[in-house]
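Below you'll find only one chain, the form predicted on its own, shown as structure tokens.
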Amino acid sequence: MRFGILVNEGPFTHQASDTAYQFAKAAIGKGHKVGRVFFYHDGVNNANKLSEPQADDRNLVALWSKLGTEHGIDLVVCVAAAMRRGIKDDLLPAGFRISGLGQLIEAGIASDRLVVFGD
């Protein structure tokens, strides 16, 4: 099965990002394909390489970057939501890119299921 994932929450304010990451990792582990993860609303904060969680906390920004790079997942950050939060191309970790809502629509069309995490 081919999954698209929509993440609407940031890495430190809600469990949605961590749950989405765990879902993507488990799906890949079971032989499924995750074609694209679209970060929207506060979810764009998952793509800010300036974030530095404390030493005993998971670094979801780094984990998403590594998962995307290792498995060829298209990690797309909504341009409008990113601009509102001061996230620009130079703040993106490896594997992330900024684009528009058309990429979310395309993910829904190209996937068997589009799974949404967060409000």
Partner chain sequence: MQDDDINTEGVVKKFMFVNRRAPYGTVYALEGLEMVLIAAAFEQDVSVVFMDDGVYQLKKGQDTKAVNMKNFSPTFRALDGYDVEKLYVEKESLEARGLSPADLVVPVEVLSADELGTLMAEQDVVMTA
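Numbering follows the first chain given and starts at 1. No experiment lies behind these values; they were computed from the predicted model shown.
Omitted from view is the form predicted in complex with the partner chain, to which the following refers.
- At least one heavy atom of R84 is located within 4.5 Å of the partner chain in the model of the complex.
- Using a 4.5 angstroms limit between non-hydrogen atoms, P53 is distant from the partner chain in the model of the complex.
- Residues are counted as partner-facing when one of their heavy atoms sits within 4.5 Å of the partner chain in the model of the complex; in 1-19 these are R2, L6, N8, E9, in sequence order.
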